[in-house]
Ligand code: PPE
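Below, in structure tokens: the form predicted on its own, a single chain.
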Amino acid sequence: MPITPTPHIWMNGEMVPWEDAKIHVLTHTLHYGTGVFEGIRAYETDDGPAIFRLTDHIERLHNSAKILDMPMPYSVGEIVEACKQVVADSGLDACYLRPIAYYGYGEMGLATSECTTDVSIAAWPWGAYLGDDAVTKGVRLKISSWTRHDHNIMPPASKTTGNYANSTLAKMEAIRAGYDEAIMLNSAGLVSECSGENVFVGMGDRLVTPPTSSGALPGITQHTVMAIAADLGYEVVVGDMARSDLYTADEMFVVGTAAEVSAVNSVDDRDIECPGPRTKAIADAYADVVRGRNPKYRSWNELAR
């Protein structure tokens, strides 16, 4: 999706004009993929723009850096406040935020011990990642030929920039084959996640979502949906699934900050009821939660101004 510029990008404590927010071609992370990032959404609420689960996202950013043994020059609280500053400066009522920490210019080579960490935060308008009608019409999924990272190859629990080469290969393979998104299996052949979303599958009276041990990123939207599902009286189980479980699913949806809650209408051309009743109910409830219309979860809506 094309990016619409906003006035400024926060870079290492300063608001820099959008067109001047540049890095050197020899920036370490550009060459080696040793950065960490987050995707966060701010929504329009009755009280003004609110960033959904902002602190949880920035805590995950710090955890990602810890997994990479990457020093962070700013605390969780400092980055949280910087994100609010960026949203307020943008003038937008709703937007997508991209905080990223990366090794900057000055050192080259695989060792990072002498590298310094830079942090930037950008915001821009961004619509539904898998399409505006993904909740109602659903998306077509393809099992990827690319295997999800193993824990001892690239740590999938860290939202690492370099990890997403794996996701990009899977995503583009699916798109070129005429599908909307890819489902990735791990080295044991079990369902892990999509290229950028967590998976929920209706199997009888339960909703099943893969565990982090399968290689899935610990999703904040995944956690949100599990809480919403419990409120609606649905049983959610974290458990392993084979690809055949997807083919025989009663219903299925994928979730993520960018994709929100998107229904699935088929996997490898096996049709799935779309949208299923639980999918529709959860999607509707999620839309209320992120916009501050559910008092139980109001603390997740962090006002930007």
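Quick note: we count residues from 1 along the sequence shown, nothing fancier. Every value quoted in this text rests on a predicted model; they were computed, and no experiment measured them.
In what follows, reference is made to the form predicted together with the ligand, a form of this protein that is not presented.
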Task: Contact test, all of Trp126, Gly196 and Ile220, partner the ligand in the predicted bound form, heavy atom 4.5 Å - done: yes
Task: Exercise: Arg140 in contact with the ligand in the predicted bound form, heavy atom 4.5 Å - done: no
Task: Residue contact check: Gly256 to the ligand in the predicted bound form, 4.5 Å heavy atom - done: yes
- [ ] Using a 4.5 Å heavy atom cut-off, state whether Tyr74 contacts the ligand in the predicted bound form.
- [x] no
Task: Partner contact for Tyr105 in the predicted bound form: the ligand, 4.5 angstroms, heavy atom - done: no
Task: Answer option from Gly48, Gly39, Gly33, Gly239, heavy atom within 4.5 Å of the ligand in the predicted bound form - done: Gly39
Task: Stretch in contact in the predicted bound form with the ligand, which is absent here, among 114-122, 95-103, 80-88, 231-239 (heavy atoms within 4.5 Å) - done: 95-103
- [ ] Check each residue of 141-166 against the ligand in the predicted bound form and list those with a heavy atom within 4.5 Å, in sequence order.
- [x] Arg148, Lys159, Tyr164
